[in-house]
Every structure is written in C-alpha cells, then in structure tokens.
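Next up: a single chain in structure tokens, the form predicted alone.
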C-alpha cells in the first residue's frame, strides 16, 4: 500500500498551502507525523481488541469488530454512489452513530468530509457547497424541529456539483434521496484504487467565524491524527476510558481534543449524548461509567445545579473538560468540589493550536488559565499591535505555528496576508497573557467576533444580512457581557419608517437562511451611528452603550 508522504510546500497547491519542506521534515523526524491514516483507526483497534465496545448511541452498541465491518460496508456503498478520492462531501448530522460511520467511511475512500454545524441553514450550506464544489450532502431527516430533507433538495437544485443527498432516517416524499439504511447493505466490491497519503487533505473544519464566506480549515491525516493523539496522551486515555460526546460532534473540540478520535485511537469507548442537557448527560455517565467528557462554559452552571438537585452517581467521571469560551474563575473553582472530578481547561481552535491544563497542574493554574500547548514544537508568540514580541505577563495578540496548525485557509488566498505572517505564524486574533510556565490566560479578542456561549458569530456577516432589510439603512453588531453565555449580541440599527423589533429581525434573518443562533439577542434603534475620526462606525462607543 502506497503511503508516501506528500511533498506539498507553501504555494504549490491551488487549494491550500502546506508546511514548508524543512518544517515537514522536522515534524516527521520528531515522530509527530506518522503514516497511519485516520480511516485506519477502527481497523487497527478491531485487530487489537475486536470485542471491546467502541461506540454507544442510545440502545445501539458497536464493538470494534462491528464498527470496522460497518465502516467497510458503508465505504463500499459510498463508492458505489460515485464518491471518489478527493471529492468533498458536506456532513451535517447531530450526535448520532451515523456521523461516525460516514466519517470513517469517507476517510477510507480519501473523500473529504466538510463539518457543517447542525444549526446551519441555506445561507451557510449553499456557500459551503459553492466554495468546495461538494458532490454530496449528508443530513438527518429532521433535527431540532427542522426538516433537513427540504433544505437538502434546495441545495441540490441550486448547486450543480451536489449530485447525491443521503438521509439518516426517513426520506419521506423525496424518493430520489438515498436512505442511509441502503448504505448498510454495502456495495458490490472493494473500492480499490490508490489510498490517500498521510499528507493529503482529510477533512475541512469551519473556522470560528466567517467574513462574507466561510473560512475553511484544511486538516491532513498526519496533522489531525497527531492533534488527537497528543491530547489523548495528556488526558491519559486508554482502553478503560469512556468519552461522552455532549457538544456537537462536528466541533473540533468534540472530534479531536482528544474527543472521539483520541478516544478511539486509545482503544476506549465513545458514548454519544443526544442533547447537551445535564439530566441526559448524568444518566449516561451513570449508565456507561463515563470517565471523561467536554462541555462549554454556559453548561457549567446548569451541571452544577443539576448535580446539587438530583445527586447523580458521577463517581466514574475523572475529567471534565471545559472549553470553546472563557470559563470564569469562580465557576472553575466549584467544579472539583461539587462534581468530584478534575477540571481541565481547554483553549484551542479549528486552525490548530490546542492548549490544555495538565491533570497534575496546581489547582490555581487549572482554575485561572486556559492551559499550555500540547506539542513541544508549538511555537507561540504574544505580540503588540505592530507585531513585536512581548515579554511574559504582557497582554498581546497570540500568534502560533506548529505541526498541526495550518499555514493557510482552503481556497482562500486573500487571507494569506491578513491571517498569516510571512514566516508562517497564524494570527489567532485572541488577546492573551502568557505565564512563565507557558500557560495562557485568554483576556479578549482582536477580531470583530462575538463568542456567544461557544458559538462564534462574525459581526460582518450578520450586518450584511441586516442591511438587506428594506427599512434598515445602517447596522452594527456588538457584544454585551452576559453571566450565562459570556456574551450576547446587540444590533444597533438606523432605520427609515417603522423600525423592526428583535422578533421581526430574527424572522427576516431566518428567511434569508441564516442560522438561528446568529440572530441578535437585542435590537437597539439609534438616530445615527457614532463614527471614528476616519469615518468608520465606532464600535467601541456602541459596545459601551450596549
């Protein structure tokens, strides 16, 4: 089997720049990058521990042997539908086993899954389809009271490249859609063909925010496998580990920090939670003897309240990871005493850099920082606005490069100079303070991006949609502090005629196909926008008003 590493260097790919040859050689020589493909994980574990439980979804369970068999079957069926190495496929599924089966089957074919969020709608999905030339789209029948089948039919009719729609559940009146159950019957033969190389594109993640069109994060087999493996080692995962996937499965946090991939790589068990409610999670923790799970800060107070009221058996839980947004120190200090487990703070990004507090860190570091990088070769700079490095203790923008951090977005050369330095550092847009220990404390963001409970909302994108409203002549979206979500969104509007309220604005954005979580929490009408000296909207002044 040909596993020759790719020789891609910056600028020699029309789709995304890889690592410079000298960096790639260093990462491979250091052992960060290996030859294992992501699709090999179930196969390797099926050989090592065939009867061990790999995956649990409600009453459904897969051993590693059964998981390997079904992944192989689904891969053959997808090949029979015409999917080939290098094709892109939008996968928009909630936390169900079919996501895992589809994802690994696509990896086997060298086909690239695009991780769409469950809340995305026509606006986001159509742009993903156009930007990637996606040839297929995988959806549930219904989720969160939304009919994804109708959306999928719209996308297929509007986007020429999308040839196949696969539905997990009932296809309903859409007889031309492919039921996922048909894939379980398999294809006629082994797909054959040349397997992907470790340096090939393996998946596309969505960046935390979008600016007009989504920024897509290219991850290769070798860098994403290292990402998951390094996190799993720090979390001390092994065959006795049981990971509960509470947050959406398509999130990088849930997928590989260490998440699903890290757990399966270590030979542990992945349990899928159908929703993020603490009652559901606690029931699964008790029943499946979960040892590690991950949540975002808005869930923490609800978990603490539910634990106090229902007194669940959480004795199996060793580690609670909290990430995707800044966790208040006060909440962090309550987790150990009230839940009886070790808190692990997580600060990472789909673009790469992952920081974890260590399980043996002093409590003060665990409760007040967002961890330190997982790789010895993660290079971190904290810089002033002019790009000059700052000493430990000073607040500045975080820049980074390393063996699993991208060097450029997918099909987006216009971001090459705005988001990356000439020597390959990624400008994260996060404001941090670095301690002498290497731990980072996140204090804010440079980017015009709002973090609403872990959901990253790009103000520019929402403002563009708001300006399409016939009575809105000027719009600015800013953040307002919120004790539960961290930040809520406030839309300042200058209008003609009768100004729309928050409900009308939300309905208008929904009609435009925007995800519901991007609708402003509050709407404030102003006579005119405050302006800076150069004539731009003064968002600092609006933030003060909010």
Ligand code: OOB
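Positions refer to the first chain, counted from 1. Because the structure is predicted, anything quoted here is derived from the model rather than measured.
Omitted from view is the form predicted in complex with the ligand, to which the following refers.
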(request) Find out whether any non-hydrogen atom of residue 126 is located within 4.5 angstroms of the ligand in the model of the complex, and reply yes or no. (result) no
(request) Check whether residue 323 has any heavy atom within 4.5 Å of a heavy atom of the ligand in the model of the complex, and answer yes or no. (result) yes
(message) Please determine whether residue 251 contacts the ligand in the model of the complex, using a 4.5 Å cut-off between heavy atoms.
(response) yes
(request) Consider residue 312 of the chain shown here, and say whether it contacts the ligand in the model of the complex, taking contact as heavy atoms within 4.5 Å. (result) no
(message) Considering non-hydrogen atoms and a 4.5 Å limit, which listed residue (216, 257, 225, 270) is close to the ligand in the model of the complex?
(response) 257
(request) Quick one: from 373, 348, 191, 94, grab the residue that has a heavy atom within 4.5 Å of the ligand in the model of the complex. (result) 348
(message) Within 4.5 angstroms, counting heavy atoms, which one of the listed stretches 233-241, 276-284, 108-116, 448-456 is next to the ligand in the model of the complex?
(response) 448-456
